[in-house]
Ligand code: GLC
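Presented below, as structure tokens, is a lone chain in the form predicted on its own.
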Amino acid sequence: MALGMLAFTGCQDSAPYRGQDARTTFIDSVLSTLTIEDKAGEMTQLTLDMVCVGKPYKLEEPHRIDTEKLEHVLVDLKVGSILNCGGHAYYPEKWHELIGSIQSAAARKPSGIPVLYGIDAIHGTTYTTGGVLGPQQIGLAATWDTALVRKFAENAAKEVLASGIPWDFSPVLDVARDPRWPRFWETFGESPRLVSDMGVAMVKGYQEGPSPIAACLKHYMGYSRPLSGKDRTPAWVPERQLREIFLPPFAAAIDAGAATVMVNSGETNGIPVHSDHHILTEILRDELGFEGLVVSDWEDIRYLFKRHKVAENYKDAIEMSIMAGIDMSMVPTDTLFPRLLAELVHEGRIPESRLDESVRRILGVKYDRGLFGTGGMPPPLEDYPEKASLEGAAARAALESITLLKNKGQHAIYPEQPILPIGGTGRILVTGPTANSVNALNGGWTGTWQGTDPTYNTPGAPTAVASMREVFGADRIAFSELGMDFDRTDIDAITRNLSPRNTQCAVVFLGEMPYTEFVGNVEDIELFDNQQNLVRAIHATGVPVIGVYVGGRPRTLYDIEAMFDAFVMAYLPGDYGARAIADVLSGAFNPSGRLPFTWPCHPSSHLTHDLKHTELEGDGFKPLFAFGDGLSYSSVNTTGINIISGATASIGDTVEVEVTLENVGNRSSTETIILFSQDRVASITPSVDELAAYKQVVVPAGATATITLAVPTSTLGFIGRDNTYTIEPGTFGLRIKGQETEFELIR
């Protein structure tokens, strides 16, 4: 029975479904009309390149739909999902043209089911020219402000949906434990608790705002801990650690209602996750109760035989992955998948009931996003949101992310105060390889996959040096341009006549240029030699040095750290990051960011805050900067910590902790109170510290404040020897900075 789009028109309100019964009845009615080939098509996702003029990755410009290809893909093969752009960003008008053509063709499918379109909008509308681009996730995590992150995601959803795209492959919920890993910057940092909270905030922003889109949790799970540190290389993660460190963010986001999940491209303990029934079905479905759509990552079903060598051929790989629990294959550049999948069903190797499970989930996402009521057509262009209405959260997130890590600056010429904020009227040298690059501020997945092509930057977005000129005055800024490949001759030219007599300070922009995935693989994480030599040379002149690091992972710089009078971590702050950096350096904004990861001293010392006691032996744990570090221009001291709920708590109780703060400076400061817990003795070696709670509070200049934090004892457990969550009675410590106390947990 051919339904056609007209059969759906008016059948479904574009608002969320009104009741589970109506939803189920509708989906069952559609499913009952589908052939095996229809179902195999629904489970197929192709990239936009497959329906445009030209060859994949080599499309003719300007990009345009190839009507014959589109007809074949949608009508003949009955493909249910398309993703991505054709290699670069488009203006909203182009998105409407492309998606409108696709959905019009989908109406001619035998089923008439609209296409589910997906995109990687990971820090705003990354593939919409002129869209709002805020900090990447590592910078959002540095804000420690979940309400702001939720608002940022809500605004992003408005723009993504306005282009006609209802599905966003975001957020990344991998826990970043190794800064060698090139996707470190796509995460919310090293703490499972912080990643969980930020992930829930982003999912709710995407899915519960006024313009909801489907979130996609990635990359389920264990992707971020490859043994070599390199992308898509084997991970060795015992199940106990998999459950304790890497599973909690996914569990929390699923509890928050996340609609879809994308699978880890790699292998864990010798098993490619795309073929792992235990992870994809027993844990995800049976334990976590996830009822949504599971999509593969890019070409990863084919990779089961091409790379991983666990399947003899493509057909075997498809059988293996579908039976493990994959619902949709991000193919994305061949048309064999739906044909082979249908063959597997006809041959009896995959039961049709297994396809029914997946297609029901796919139809559920399409139903929830209102596609059956709209035919998947983009909303009117005249309803596209005004950019000014969406910029506030992105700009604020950029400001709140900037993290001041050092501000000693007791230089002989300026002995009365730290070097920051920059005052006076003297000349400021601005240099370094990331000083004059919008690409450096945004990172990967910006305009293009790698984010390196300035052609697709937001028109008018400023570089760091441009914002420095705007904030400090062009006459104060002396700029020396440097690319990533500068050498000793360039350094000599910068420092030849440099001295404290003619220069108040030097702001040196360090870091990396954009990359993602395997392109960002490195042999070690030490900062580039030429950047370290630049700092040494400027320091040797006697001019105070302010380092600003623009990048998504910490590079080690132990040998030059003492040469910085001040050091600022800017992460990848997006299009509003240049002004945010300048406003922090000038003092227009009092910095409040806190590190969401541990910055190692040396390339081989990348430990995390929740290390074990045996890792304190020998030289101990001496990071360059610790997880949670961050300064302001008006210090807020923690002067007391007190358990107001009593020195004893029963399992199931909530421990209430009262914290006393004092702002000893002359400016109002936003303080992030970070409470760590310590299990003194446990049946699994306890961590030195665990993130137990955190809260932000504004403390006025010279004022004191008393804040209460709540620690549910249900969060003080761990994954035990039997791989289940357990809470053991005993003594627990609580620490905020240098203030400590403890309580007894009883049954």
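Keep in mind it's a predicted model, so treat the numbers as computed, not measured. For every residue, the number given is its place in the sequence shown, counted from 1.
Unshown form predicted together with alpha-D-glucopyranose (GLC); subsequent notes refer to it.
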Checklist outcome for this item: With a 4.5 Å heavy atom cut-off to alpha-D-glucopyranose (GLC) in the predicted complex, the contacting stretch among 296-304, 397-405, 318-326, 551-559 is 296-304
Checklist entry - Can any non-hydrogen atom of Val655 be found within 4.5 angstroms of alpha-D-glucopyranose (GLC) in the predicted complex? => result no
Item to check | Any non-hydrogen atom of Arg579 within 4.5 angstroms of alpha-D-glucopyranose (GLC) in the predicted complex | outcome: no
Item to check | 4.5 Å heavy atom contact, Lys218 and alpha-D-glucopyranose (GLC) in the predicted complex | outcome: yes
Checklist entry - With the cut-off set at 4.5 Å between non-hydrogen atoms, does Lys366 touch alpha-D-glucopyranose (GLC) in the predicted complex? => result no
Item to check | Candidate from Phe169, Phe564, Tyr206, Phe290 lying within 4.5 Å of alpha-D-glucopyranose (GLC) in the predicted complex - any heavy atom | outcome: Phe169
Checklist outcome for this item: In this chain shown alone, the residue from Asp629, Asp197, Asp120, Glu391 with a heavy atom within 4.5 Å of alpha-D-glucopyranose (GLC) in the predicted complex is Asp120
Checklist entry - So which residues in 437-453, when you check alpha-D-glucopyranose (GLC) in the predicted complex, have a heavy atom no farther than 4.5 Å from it? => result Trp445
